[in-house]
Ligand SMILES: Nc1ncnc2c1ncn2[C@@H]1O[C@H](COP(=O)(O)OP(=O)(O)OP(=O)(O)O)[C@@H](O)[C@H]1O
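Presented as structure tokens, the chain that follows is alone, the form predicted on its own.
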């Protein structure tokens, strides 16, 4: 495992590189700062170094610019390792099935994540829009859709409640008694009036994804186009372009949370691998506050034993719920602060002695203050400057990689749509 360089420190006329040791990266990094201050520059350079060092990475970008930047700089020896997931490529959609599981343990985890994703999308404050009854229906429906050799996808959940033949075809594969009782006792004894009243409310949460061509063609495929366990095991470069301007904010959030859930499920399976076989893998997430569920918080504290290094960034602390703020301060070993607002400056100043809040309010672009984990211990705060791009772009390369990934991992749109029509008939 090789160290990478975060930036450089300039002090009393002397310039020194800021190395980030491989072992310390499993205690994670968090960056905060206003838009345009240079956070993406640091992330891009770090990710490129990982790629050059033959490490596996996943880079989730809600804007798309960082993905374009990296695509133009992938070394030739790593071109075949790239997996580009770009939902805006509607002619060759890649499949991403949240409900595709290989064993009961993974099934339980993904169903729980499915419920959490709907909470985050529609009721993040737990006000009751997604309540116990919705959760109960969704849990049992998801377990039912996943049953059988063909499996199923999230967009088929509504069909269970409207197509009796489909419900019965799935029920015959169920082995979990509680799920069977949901259909044979609870639903069978629910009056048509109460059932239809709940059904309209329930189905409305799926309508956006079922009626949106982009999302239907991605989420409706029974088999994901790439295997997350293989991504981890073979040092793949998974680039996730969730440009909100191209696919919409709600779609970007949904897909981002599914990618993280699937990645987390694959990471947890490393518990069955010998420690020496857990290859380092690095996750980069910009605007991460929109893409995480509660299980992600536990991953911050546990993932270092699975050789996962997490890098997170967002614009200001107030975007984060209090428990997430506490998790960041308590579990992240390396913290970078760029120019921030007054409230964040006061919060960071308490963690970055001897620097004051004024230090954060007046930072020039590409300058930051950092508390760096070194040898398992967090250093005193010091200043840093990001590096210029580590290599020059090859503009034509991005288009070539995009085309290769579409052909290698995507499927022609007409075939996908015909397949999904068959599932939904």
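Positions refer to the first chain, counted from 1. What you see is a predicted model; the values in this text were computed from it and never measured.
Missing here is the form predicted together with the named molecule; even so, the following discussion is about that form.
Contact check for residue 381: every heavy atom lies farther than 4.5 Å from the named molecule in the predicted bound form. Looking at residue 287, you'd find a heavy atom of it within 4.5 angstroms of the named molecule in the predicted bound form.
In the predicted bound form, none of the heavy atoms of residue 52 sits within 4.5 Å of a heavy atom of the named molecule. When contacts are judged by a 4.5 Å heavy atom cut-off, residue 26 does not count as touching the named molecule in the predicted bound form. Annotated contact segment (heavy atom within 4.5 Å of the named molecule in the predicted bound form): 385-393, selected among 385-393, 369-377, 52-60, 356-364.
When the named molecule is considered in the predicted bound form, only one residue from 315, 243, 158, 120 comes within 4.5 Å through any heavy atom, namely 315. With contact defined as any non-hydrogen atom lying within 4.5 angstroms of the named molecule in the predicted bound form, the contacting residues in 21-55 are 34, 35, 36, 37, 38, 39, 40, 41, given in sequence order.
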